[in-house]
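Two forms, one protein chain; structure tokens for each follow separately as structure 1 and structure 2.
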Structure 1
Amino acid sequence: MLAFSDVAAVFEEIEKRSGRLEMTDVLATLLKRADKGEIGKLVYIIQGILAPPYEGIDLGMGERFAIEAIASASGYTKAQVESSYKKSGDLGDTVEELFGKRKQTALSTSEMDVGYVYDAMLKIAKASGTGSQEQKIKYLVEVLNNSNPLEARYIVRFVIGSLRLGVGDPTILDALSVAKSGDRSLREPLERAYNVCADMGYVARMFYDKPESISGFHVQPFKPLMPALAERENTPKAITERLGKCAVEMKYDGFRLQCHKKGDKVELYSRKLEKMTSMFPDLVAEMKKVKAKEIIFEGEALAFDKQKDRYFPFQQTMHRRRKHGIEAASKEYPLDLFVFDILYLEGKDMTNEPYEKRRGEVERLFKGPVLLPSGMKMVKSAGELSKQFKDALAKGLEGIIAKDLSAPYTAGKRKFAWIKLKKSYGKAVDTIDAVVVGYYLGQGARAEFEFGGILAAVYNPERGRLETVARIGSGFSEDEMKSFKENLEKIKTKQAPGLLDYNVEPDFWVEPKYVVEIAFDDITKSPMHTCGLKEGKGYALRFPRLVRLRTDKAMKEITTTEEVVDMYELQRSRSA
């Protein structure tokens, strides 16, 4: 049994390291010590979660309640805890310090193992209904009463959602491989397994149970896959040079849904892999009619605007469903689902089959009226592709996605198997998705009431860090700015997000929660930002402005540092 005090000691060591290889080794030694029953729970704790996103288990403990629990477990008053927190800026450090000079010790303390701590956190997360906050506090006090100062540091950081070990998923996958085989040789099958079920705890359990079986890991219903992503190109010519003869699909600006069915059971998952089944009763009913007992497929859902004879854009589709109630909206704004891929069929994992074969199944199984195959045409030349692109724009769509005929479904990866060509690419304007990490107040007389803009960051998955890329002050209307500021005020934090590397400081830091789409003119190098920082300069957006909130994207799904660098290179080749 792995003692949680040992886990905490390793976390402390990891925090002191910065090199990925070093971190992998330290983590691997820890993972090696976990047994089959513990490994899944340990991996979730390292990820700072209790379950994969589609299970909807969220700790949901605010700092205020954690402070109450700390006061109760340490014997200090709430005011004393708060004042120490003000100085340290980190509630984990505060609890560690106060526990070091604890005024009261629990009557009986017992050593905690990983399973105990995980189960206790799960109990905290699951407390619901009236009086649940008191329950959560009580459960947290129980765990803290059994903790030494270092354990308390990590438990508190975990419950308030800021564990920030700086260990990204790639490092965990490497460490799992090293723990079992002594080297990184099993990283690839482990990564594939993770990409096709999005549940690192489950993968780790399987792997510890039967390490050799990880290579045969396959897709299964109700374990959503990480979505395949598209690369981008600027011109039809660049696409056909890469792919040769290829399929050109219409790019619908709808709501991406991954649909799972087995017998009578149906579940729908968003792009962020959250369960969306209850939002789409109309589509669920149609899915039950699909002539397949077991199937996983993907499509874009959107509503048709009969008056304008074109589809509503995504934002409007979702807005209408929320505003008018799901049942009513289903009737008034009926959705179509354009199916563009099949990932599993009658017990068979389809992800390794070439696109052409998967597309054949899409056309065989989906013939409308509601579930339809996405619009597709085979093209052989840049000229033909260009014609398809123009047709798509004429229909009010945002572009096309070209697909490599022989490529498998690349779960969780951005590959040239899919290449998008969007309306704006030919011009100077492009967009990225970034997470808001802080905001500024306005300048001038009423400065403190006004919104001066936001600081936004992209994600570097290799380093498991957020890196700033732009300060944005324009784009939203005054009303939008006002309501956005109100939302940001609710998630203000005293310190910068633990995952963030920064060179500039906004007036207020916020939890990295809201994802925004940002348009810009081009990318430059600047010492202000930490995106891809090298020799004192990072990449930064020039003339950035807000386009919209991306509620469909999770923090880890935002644009990556590598993509920003690619866009920079693409831009240089464009101007060359």
Structure 2
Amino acid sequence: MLAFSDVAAVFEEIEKRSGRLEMTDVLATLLKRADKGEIGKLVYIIQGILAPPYEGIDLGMGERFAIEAIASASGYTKAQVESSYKKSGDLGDTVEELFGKRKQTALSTSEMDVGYVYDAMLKIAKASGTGSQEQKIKYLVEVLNNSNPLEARYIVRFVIGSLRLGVGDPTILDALSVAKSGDRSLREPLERAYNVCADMGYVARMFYDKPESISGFHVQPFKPLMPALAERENTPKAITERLGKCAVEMKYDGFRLQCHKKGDKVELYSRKLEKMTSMFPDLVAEMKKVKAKEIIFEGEALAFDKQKDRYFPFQQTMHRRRKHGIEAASKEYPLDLFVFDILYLEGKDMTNEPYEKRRGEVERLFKGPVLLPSGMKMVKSAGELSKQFKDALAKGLEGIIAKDLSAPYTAGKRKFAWIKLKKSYGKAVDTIDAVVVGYYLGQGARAEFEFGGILAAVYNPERGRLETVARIGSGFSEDEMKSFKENLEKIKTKQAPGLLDYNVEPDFWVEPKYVVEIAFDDITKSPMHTCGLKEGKGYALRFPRLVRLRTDKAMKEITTTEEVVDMYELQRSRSA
């Protein structure tokens, strides 16, 4: 069994490394020592989670409760713990320091292994009902009583959701491959397996049990896939030159849902892979009527405005995503679900089938009135594609998505199998999705809101790092400034996110949780930002402003560094 003290020692070593290759090799040495019974739990701990997002298991323990547990286990008062925390800026460092000079110790302690720590964390997460917070604190105290100072550092960071290792999913996949084969040759099949089930712990367990099974990994009901993502082009001509004859689908500005059915069981998942079934009873009822015993399909849900005979904008459609008043909301904002892909049908993994075949099944199975195929037409020329694009805009839609007729469904990948064209792409103004990593205090007229803007970052999958791309100070309404301040204050941290590379510092760092859509005029080179940093200059957005908070998107879906570079090149080609 793998001792948690050994895990903590490797975590400390990883924190000292900055290069992804170095971190991979150090992590691989740890993964080599795990057996098939504990590898899944270890991988979840490295990810800083207890289960994949669709299982909805959350520790639910904030800093305040962790401080109470630290005080109880160390013999210091809460005030002394808080004072130490203010100095260190990291609650993990605080508990390590205080445990090095404990005022009290437990009567008996025992060495903890990975299974013990994971199971204890799961027990904390599942405590519920009256007195659950006190129970959570009690369970954490029990774990801390068995911890040495270094173990306590990582246990506390884990429970408050700030492990700070700087290790992303790509690094874990590389390390799993290195642990078993000595190199990264198994990274590709491991990544595909992860993309089709979105459960790294499960993939690791299967890999350690039967390594050969990874190459044959297939889609399963109720294990949602990572959503396929679209690339972008800025003209119909560029799209048809790349794809030739293609399908053009309407791009709906709605709520993307992945729908699973097996027998009478139905589950709906958001694009962040969170379970949404209870929020959409009307769609669940319609899914039960689908003439397929087993199916996984994707669609875009839009709320329809009967009075105006058109679809509500995104913000109003999002009113359907709620935990209370569901029945009333379903009447006020009735949904249509435009189905655009089938990923699994009657026991068969459809993701490797060409788009044209998958689309045929969509049209065979979905006839409306609530579940219906997305609008689609075949085009052969740039002129035909341009007409479909204009028709989409006339209907109040975002634009179109062109799809390669022969391409498989690329779960978790951004490929030119799908190419989006939005109304902004032909103009100077464009948009990206980025994650908020910090915020600024208000000044002048904004001083009363104590909020002056946000620092946003994109993701570099090759490096497994977040890279800053813009400081956004405009586009916020007064209500948005207040809500951003309130929400970001709850996830404020004393130090920068572990995955972030930065040259500028906000007034406050935050956990990389909230995704925002940002409009901008163009992209420039700047020494201030780290996106694609080379020779002292990175890429930065010029005149960035907030469009909206994307509560439907996960950090895995934000714009990549490569996309920003490609947009910069497209921008240059437009002006040439």
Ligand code: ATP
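Think of the rigid core as the biggest set of C-alphas that the two forms share within 1.5 Å after superposition. Just so you know, these numbers come straight off a predicted model, no measurement behind them. Counting starts at 1 with the first residue of structure 1 and goes up one by one along its sequence.
In this comparison, the chain shown as structure 2 is the form predicted alone. Annotation: Cα of residue 69 displaced by less than 2 Å between structure 1 and structure 2, core superposition.
In the core-superposed comparison between structure 1 and structure 2, residue 83 has its Cα shifted by less than 2 Å. Core-superposed comparison between structure 1 and structure 2: CA of residue 491 displaced by 2 Å or more. Once the two forms are overlaid on the core, residue 459 shows a Cα shift of 2.9 Å between structure 1 and structure 2.
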